[in-house]
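The form predicted alone is given below as one chain in structure tokens.
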């Protein structure tokens, strides 16, 4: 498909009742927002990322998807930052509670990368895989249409190859695009994707175009140099809950919550009651929260994790270790957002290396206090 076909794709999705959301530029960053046409896309722009560093730069070409990932993730559309859970009104017969109907909007996500597909799979397990299904997530997820885009370049903060989540999109999409100098190669993943593809100006790809797409995808894989050694990682972390390195990290960590806010899999939330000025109407709202917030672990009138070291340890051990116990996979997809958007550039891959270097092969030290520490860390 030629680049001009992107407008046809966006129009076809809109005509099918979808609100198309995808990458756009706002406040000097690539973020996700509503897309009306290809003119809204960050054509000709890329993002330069390092630990604690992000900025936009013009590309030498006019690629539509020649960037990596910004601070936004698709979770804000499936698991909104603020959700109305219920409302109550005071009447003559007392309080009457109401549960809102699910938001009827249908989203079409344009530009979902492989690591983000993996993140959506993880959140599917969190919100849909257990005995209690989240109705807001279920309603939004069941109606979502996903147009994935294979990465053709990577940032120094990417480590998806270590987590087996990319950079190639291999499943869980309706359509997948690979951008080349001559246009887009399209892969169809579902029957719904086939219906939309039939409306596009496409033809079968020839061998040259297929080779071009493969070269473009391989270029991204070759650019990934950051690594996270996951071999024995769960035991490394859980057997060293009182390692002094946690205190060293705490000297740098601001406990600002940035890493959890930009993470595409973090799902911590809190619920609050929000009354109006009359006192006769109350909204119950769920909002994103973070294990880095002091009050998040508040029990019996005081926090159980009152130090930054304990809160960072909770985040990292949950993400890379106990997530396996809960959901059968890692909670990290290797997108690198937590590294880029940490104000002081803390890099969890380097912190794992530091723990390995200072523990050697003795992963059983402090074993007499492991059970007690593990319980306190949850």
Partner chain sequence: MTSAITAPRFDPWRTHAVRVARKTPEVPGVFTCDLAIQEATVASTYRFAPGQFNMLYIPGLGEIAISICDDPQSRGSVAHTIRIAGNVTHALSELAVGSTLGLRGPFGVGWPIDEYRGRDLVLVAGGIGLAPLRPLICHLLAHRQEFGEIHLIMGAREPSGLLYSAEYSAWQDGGLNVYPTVDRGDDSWPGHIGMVTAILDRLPLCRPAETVMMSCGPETMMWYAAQIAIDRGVRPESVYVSLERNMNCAIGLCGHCQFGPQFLCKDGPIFSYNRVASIMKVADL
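Numbering follows the first chain given and starts at 1. Everything numeric here is computed off the predicted structure, so don't read it as measured data.
Only in words, not in the display: the form predicted in complex with the partner chain, which the text now covers.
Each of 18, 143 and 289 is positioned with at least one heavy atom within 4.5 Å of the partner chain in the model of the complex. Note on the partner interface in the model of the complex: the residue among 228, 282, 249, 188 having a heavy atom within 4.5 angstroms of the partner chain is 282. Between the options 349, 46, 322, 329, the residue in contact with the partner chain in the model of the complex by a heavy atom within 4.5 angstroms is 322.
Proximity of residue 224 to the partner chain in the model of the complex falls outside the 4.5 Å heavy atom cutoff. Looking at residue 209, you'd find every heavy atom of it more than 4.5 angstroms from the partner chain in the model of the complex. The partner chain in the model of the complex comes within 4.5 Å of a heavy atom belonging to residue 269. Within 4.5 Å of some heavy atom of the partner chain in the model of the complex lies at least one heavy atom of residue 96. Remark: of stretches 81-89, 159-167, 210-218, 176-184, the one touching the partner chain in the model of the complex is 81-89 (heavy atom within 4.5 Å). Using a 4.5 Å cut-off on any heavy atom, the residues of 278-299 that reach the partner chain in the model of the complex are, in sequence order, 282, 284, 286, 289, 295, 296, 297, 298, 299.
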